[in-house]
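A single chain, nothing else alongside it, follows as structure tokens in the form predicted alone.
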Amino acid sequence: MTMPDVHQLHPTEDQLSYTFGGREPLLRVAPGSVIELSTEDCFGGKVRSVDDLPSQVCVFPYLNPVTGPIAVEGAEPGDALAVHFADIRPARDWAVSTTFPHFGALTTTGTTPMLHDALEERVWMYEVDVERGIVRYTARRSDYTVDLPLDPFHGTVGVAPAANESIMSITPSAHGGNMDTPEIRRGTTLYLPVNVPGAMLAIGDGHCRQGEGEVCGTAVEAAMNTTIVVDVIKGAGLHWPRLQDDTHIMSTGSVKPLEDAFRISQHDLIGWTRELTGLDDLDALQLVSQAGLAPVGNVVDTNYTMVAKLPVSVLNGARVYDGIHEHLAGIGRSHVG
């Protein structure tokens, strides 16, 4: 077995990016490469105590930094970039979450204006114990605490958008971006549409865990040490990001309103199911309707994200992209252990 190329990417603060598109690559790699990289949390590591209010220690638009871009050789518009997450591990023994006055699903925002006052800005610090696999929630106004399962994932993963656009890292769309779905965890392969030569992959916004919807506006935000394996699927022609793990295939949609994000994700999953099984549209619709799931990514970002999810067990052994998920997962297991 040929050993894959292994690369390191640990950017300095001034190398972090806050957009998808408009940046030169920090790294160039061949398909099949393993990349060990580090990412900062969405606050750039500046919120370190309950007294560090983001509005005081962070400067807009320098929020949600991403590591990259990474150019993958041979990736051309019309292809898909496959990114397998072999390992995602918190880099510190603490993490942070907050409420913002004008950000979240249950407060007044610039696009959902209300006459009532916005939520209070408040910070919660979480203890992170990787060995025990837990994060500890501690209430701010009582002595209530509870340990929650550690479930690390990356909220923001994407490539350069089409038409030479540059999009803020907090925005999810067809290029990926800040989708905030917990499905992008260890063992998942993310498929992204390639819009420019090299794809220009960037990753950030590590979360120790998050409930579906990210209702308060933030997850348990953390810096991460992450290992990925990348490859290129020629001529895949994706319109929206797709995901695959050992048990499910998944489609995403990221727009407003939430109903349209739901429709995009379901429409893509039905088309993908049709491609894999040979069913016609209505038979595929019926199968997805009865066997599918619809987890919410986020209902807080500049676009909302929905995920449509179907068990691979109902696909009667169909091979997804010629088994690239299984291939990249094998490389990842061999490297990470």
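Note that residue numbering begins at 1 and tracks the sequence as displayed. Since this is a predicted model, take the numbers as computed values, not measurements.
What comes next is about the form predicted together with a further copy of the same chain, which is not displayed.
Interface residue remark: residue 220 is counted as part of the site for a further copy of the same chain in the predicted bound form, having a heavy atom within 4.5 Å.
Remark: residue 267 counts among the residues lining a further copy of the same chain in the predicted bound form, judged by a heavy atom distance of 4.5 Å or less. When a further copy of the same chain is considered in the predicted bound form, residue 245 lies well away from it, no heavy atom lying within 4.5 Å.
Contact annotation for residue 198: none of its heavy atoms lies within 4.5 Å of a further copy of the same chain in the predicted bound form.
For the candidate spot formed by 260, 292 and 313, every residue has a non-hydrogen atom within 4.5 angstroms of a further copy of the same chain in the predicted bound form.
Checking 89, 256, 234, 132 against a further copy of the same chain in the predicted bound form, a heavy atom within 4.5 Å turns up for just one residue: 256. A single residue from the set 71, 150, 238, 167 has any heavy atom within 4.5 angstroms of a further copy of the same chain in the predicted bound form; that residue is 167.
Heavy atoms within 4.5 Å of a further copy of the same chain in the predicted bound form belong, among the stretches 78 to 86, 207 to 215, 225 to 233, 186 to 194, to residues of 207 to 215.
In the predicted bound form, a further copy of the same chain lies within 4.5 angstroms of at least one heavy atom of each of the following residues of 111 to 145: 111, 112, 113, 114, 115, 116, 117, 118, 119, 120, 122, 124, 126, 137, 139, 140, 141, 142, 144, 145, in sequence order.
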